[in-house]
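Taken one at a time, structure 1 and structure 2 that follow are two forms of one protein chain, written as structure tokens.
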Structure 1
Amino acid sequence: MTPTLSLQCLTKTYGAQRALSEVSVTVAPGERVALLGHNGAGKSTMMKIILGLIPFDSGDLQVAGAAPGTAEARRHVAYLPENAAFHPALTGLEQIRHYLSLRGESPSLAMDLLQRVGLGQAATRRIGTYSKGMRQRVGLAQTLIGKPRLLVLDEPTSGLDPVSRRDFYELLDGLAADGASILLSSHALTEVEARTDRILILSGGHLVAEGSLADLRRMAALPITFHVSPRQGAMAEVVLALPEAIASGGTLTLSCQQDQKLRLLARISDLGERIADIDVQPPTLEDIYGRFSKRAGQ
């Protein structure tokens, strides 16, 4: 399958500062990819190059099979910045009609786009009366014009309430199911770990980790935590069986590496009715991100 986005050994420098160093990434049709990194890691530079806004120094980049910034590439790409700005005197409906006209699409599609992002009832209100979250939805409606093959989203849920964030990711899931590729930059790690297929971690312009959440957990080699709750009266027996556990408030806490998980789980299960509950906590994306960023710094 031909990738929607392909970067090969992409390098970009600003004077003596190297913003990207030989970064290679591919994004397949229908794939949802999260781009993570600290401020100054190279995320914004990478997105600007993909959009054709700035040149790169060396390497190769193809966007929907075309060079970035060309008419062919732009026809297939949509972009949503962190802080979307629109004319405050226009209504949401008027703004989207305007963008549809600019793209050569029928303005009659505007209401449908606004309804898809949850702005149907506010379509005839002036954008100047919208909250930040509502303006962000106008921006999302604008990105859907023309059925783009690649969506580049920079902190897209900024300003959205929890329900709106859930609806936003459900919309992205539908777009991906229809074949659209999604490159999403976000600091909201708890959101992206459950709603993306693959994760890229940039640090100092280098791609320091890439893979699914399960892949990154194996690569990070962080411990898995077990919280074991013995039944009433069984604490002493359970402590004897699990001497490495740390007791706190009626709960025992144990940790182990990934390859020891099943062995430890079997030991706990052998205690049978003496165990009331087990809570298994794998490393979070925040833990994993911190580990790779620390390694890159070292």
Structure 2
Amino acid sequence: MTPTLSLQCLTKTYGAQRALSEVSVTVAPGERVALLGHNGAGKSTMMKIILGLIPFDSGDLQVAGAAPGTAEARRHVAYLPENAAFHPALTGLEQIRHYLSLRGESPSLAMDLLQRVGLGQAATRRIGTYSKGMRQRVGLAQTLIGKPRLLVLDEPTSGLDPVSRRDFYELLDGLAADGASILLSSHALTEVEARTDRILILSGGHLVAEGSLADLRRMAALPITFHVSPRQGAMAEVVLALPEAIASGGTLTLSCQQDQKLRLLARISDLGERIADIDVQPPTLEDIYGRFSKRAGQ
């Protein structure tokens, strides 16, 4: 299957500042890809280049089979900017009707789109009176116009409440099931984890990791942490049996690599009655993310 989006060795500099360094990514139809990275990592820059809004220095880029920013590419790509803004004097309905006309669709579909993002009630109010989350929903509504083959969403859930976020990802699931590719950026690791097929991590303009969460977990090879609480009076014996443990308060802390996990667990369970409780902590999403995403000087 031909990819909806393909970037090869894409490089972009702002003056002396390198925003993207030789980034290569492909996104297949129906795939949901999350773009993560620290502030200033180059996420928005990458998206604007994909949309043809800003030029790039070198590399190769194909969007829906066309060059970015061409009429052909624009017909198939929907965009939600980082801070979606609209003319405050227009109502949500008028704004969406306008966007529908620009895409050659019937303006009468506007109300339906607004209802899909939960703005049916406020549709005839001016956008100037909307809350941040409501403006974000207007932005989402306009990405649903037509049948885009690629949705480029820059921090789509910023400003949305938890329930709206869930609804939003359900909306995306439906679109992806219909074959649309989705590239979204986010700072919320936990929501991205369950809702996307693949994660890309940008750091200082470099693509430092790419894969499913399980892949990233494996690649990060972060240690697993055990918290062992010995029974009353058994502390000395347990410390003797587990010399590498670090004692603090009434508990001992140990860590080991993924492949050593069962061996360590066996050693602890050999202590039998002497152990009151044991707590196993796999690396958190933040740990994995932090392993890859290192800002200069961090």
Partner chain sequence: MTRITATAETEFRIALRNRWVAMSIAMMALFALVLSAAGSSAVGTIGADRLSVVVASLTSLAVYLVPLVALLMSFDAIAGEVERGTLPLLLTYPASRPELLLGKLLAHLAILTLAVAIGYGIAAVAALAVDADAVAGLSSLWRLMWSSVLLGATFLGIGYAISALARRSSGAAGLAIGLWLGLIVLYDLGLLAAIIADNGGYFTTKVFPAALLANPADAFRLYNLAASQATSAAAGVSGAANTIPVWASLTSILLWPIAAFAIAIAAFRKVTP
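Because the structure is a prediction, the values reported are computed rather than measured. Residues are numbered by position in structure 1's sequence, first residue being 1. Superpose the two forms; the largest set of C-alphas matching within 1.5 Å is the rigid core.
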> Out of structure 1 and structure 2, where do we see the form predicted in complex with its partner chain?
Replying inline: 2
> Superposing on the rigid core, does the Cα of residue 280 end up 2 Å or more away between the two structures?
Replying inline: yes
> Is residue 177 one of the residues whose C-alpha moves 2 Å or more between the two structures after the core fit?
Replying inline: no
>> I need the hinge angle between the two structures, given as the rotation of the smaller rigid body against the larger one from C-alpha superpositions, in whole degrees.
In response: 22
> Cα shift of residue 247 between the two structures after core superposition, in Å?
Replying inline: 9.7
> Core superposed, what is the CA shift for residue 226 between the two structures, in angstrom?
Replying inline: 6.3
